[in-house]
Structure formats: structure tokens, C-alpha cells
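A single chain, nothing else alongside it, follows as C-alpha cells in the form predicted on its own.
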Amino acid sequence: MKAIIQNEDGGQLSVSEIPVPKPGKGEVLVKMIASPINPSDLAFLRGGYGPEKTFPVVPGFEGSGIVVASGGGILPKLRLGKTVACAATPKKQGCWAEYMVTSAASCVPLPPEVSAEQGSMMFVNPMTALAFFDIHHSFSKEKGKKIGIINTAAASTLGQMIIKLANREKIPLISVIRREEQIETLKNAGAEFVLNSEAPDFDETLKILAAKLDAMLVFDAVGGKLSGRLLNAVPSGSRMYIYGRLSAEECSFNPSGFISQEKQVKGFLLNHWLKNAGLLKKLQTINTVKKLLKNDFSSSVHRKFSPEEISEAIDDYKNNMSKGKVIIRF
């Protein structure tokens, strides 16, 4: 089969012919149709993000396709012949190939009204958005009040999903972007508070607004120096989750935030959240995503590429994240 391959962290991608994998018990073989590029994929390619990998590796965290073979078991047999949204299984090869083996539990049959392209984007962004609001509800309960949220890389598809959910639940949200032209885009998407991290008054403005809105929960996709600036700006007792590495810089923090102001920094990985949430929460999350996939969780597609155009596809996505998703078609 044709597969996109990376041979080392940060290494160039290439297209190679490799054997079609065989599913084991509880697993299925999916003939891939589409797979998006997400910020998490870029972080994975850079290295130090997601599950440990053995090179050469096939990247890609999510996609869609048709289940064409079962490795045995009740659920794999039930998935046979179905068009599914699918997620890569940790320590297995990813979605950027003509075929992928994954667990049957990581495949969700798509409703007839949902296209394979929309289905390919069902896992990473929608489930992350719902996970963030689950974390918000728990943290608000802990604090005894409805707290506000700060989210970075807010012009991304995930960022715009978070805006819709925050508006639906009437939760104060500060959306952080880094290009002035993105402000109007997010205002049109329903965002009330949008700040440009490149503006000279960003740090002071964020500090004042975070205090006013009780914005004590930060979801940061960028990392680097921005993480430290965000932590400096939020009120005492705030908590930050770093869930991406769009910046190549190392994070640095003022120790006083941890010592005297009791601020916390944690990491977030969707696979870990789903595992810790348990089966019932996972099923509830999947059902919610399926209901919202045609409206709040619908993702616009900016461009489509073939596997042979993967380098161009990644460059296009890096430069145009706010314009919609970039899809690899197989």
C-alpha cells in the first residue's frame, strides 16, 4: 500500500510502498478515504508529542474509511463494511496511508447524512472541545463559581468550535490570536473578546480582562514564551492546560505564579482524557459529537491534497489555519 512515512523526529515526509497491515483480535482494517491535518499532527511530526513511536512511522491521528477486514471479535465483525470515522491506536501506525489497522472501539459508523470528509474530522477537534468544557465544569464546581476561559490559536477550527460552545453555555471566553485580520473573522463567528498576542498592550489588557471575567482556566495550543505570559496574566488559583506545541520555543514560567499565587500548569492529551473519563463518558461524548457534526462541529475544508503532495499540504495548512481544514484524500 501507499503510505506517508517519517523516518525521524522533525524529518521530511515521503511516500513509500509498504505491506498492508493485518488486524489482530479486536482490531479492524480500514481502507482510508480521508484524513485531516491538525495542530496535533504538526506537534507529533516535530517530536515529543503523543505516544512513543518506532521509526519509520506513519503519522495521522484521525480519518475516515471503510472497514474491509476483521481480526476477530464481536465488535470488529459488526464494523465490517461500514463507513466509519476512525482514530489511530497508540503505538500502531497512523491514518496517513491507504490502509490502517486500529481497534474496533476507535471506529464510529457515520450516519448517512455525514460525508466521509466531515467524518474524518470527528475525533480530534470536536472531542477536544467537549473535553475542555467538561474540565471547565469540574473546575468551576471546584471554585464555586462559573469561571471564564482563555484559549489560544483561537482562529483554528477547534478555536471556533470553542467559541460556539462557550456562547451556547454563556461562558465568558477570551480568544487569543496572533494576526490582526483574524479579529474580524472571530467576531463574525460570535466571539466577544478577541486579543492579539502580538499587540504591544496584550499582556496588560489580558490581565485586566482576565480579572474582570474570572478567566481562571487557560487552554494553550501554542506553548513557548506565550505560555509564561498567559500564566502571568491570569488571577491567583488559575489553571493552564497545554495541549499543543505550535511554537518551537521552550516554555518558561515565573516561579512566583506557582509559589505564592497557587497557579497550576498541566498537559492535555485527548487519548489520556478519554481513557481516564471511562467508557460511559466516552460514549456520551461520541453521541454528542454525532449530533453536532452538521452544525456547531461542522468543519470547512480549505483544500484537498493527494499523499504525494503531503509537503505542500502541510505548508498550506501552517500558513492558512484560519481558512479551514486541509484534507489528505486516498
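So that there is no doubt, residue numbering starts at 1 and follows the sequence shown. All values reported here derive from a predicted model rather than from experimental measurement.
Form predicted together with a further copy of the same chain: not shown, discussed below.
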**OP:** May I ask whether S115, V301 and Y317 each come within 4.5 Å of a further copy of the same chain in the model of the complex, counting any non-hydrogen atom?
**Re:** no
Original post:
Where does a further copy of the same chain sit in the model of the complex: which of 26 to 34, 266 to 274, 283 to 291, 57 to 65, heavy atoms within 4.5 Å?
Top reply: 266 to 274
Subject >> Single option in E180, E249, E204, E192 placed near a further copy of the same chain in the model of the complex, where near means a heavy atom within 4.5 Å >> reply: E249
Original post:
Within 4.5 Å of a further copy of the same chain in the model of the complex, heavy atoms considered, which of P76, G119, G244, G159?
Top reply: G244
Subject >> a further copy of the same chain contact at Y49 in the model of the complex, heavy atom, 4.5 Å >> reply: yes
Original post:
Is there any non-hydrogen atom of P255 lying within 4.5 Å of a further copy of the same chain in the model of the complex?
Top reply: yes
Original post:
According to a 4.5 angstroms non-hydrogen atom cut-off, is S138 in contact with a further copy of the same chain in the model of the complex?
Top reply: no
Subject >> 4.5 Å heavy atom contact, I208 to a further copy of the same chain in the model of the complex >> reply: no
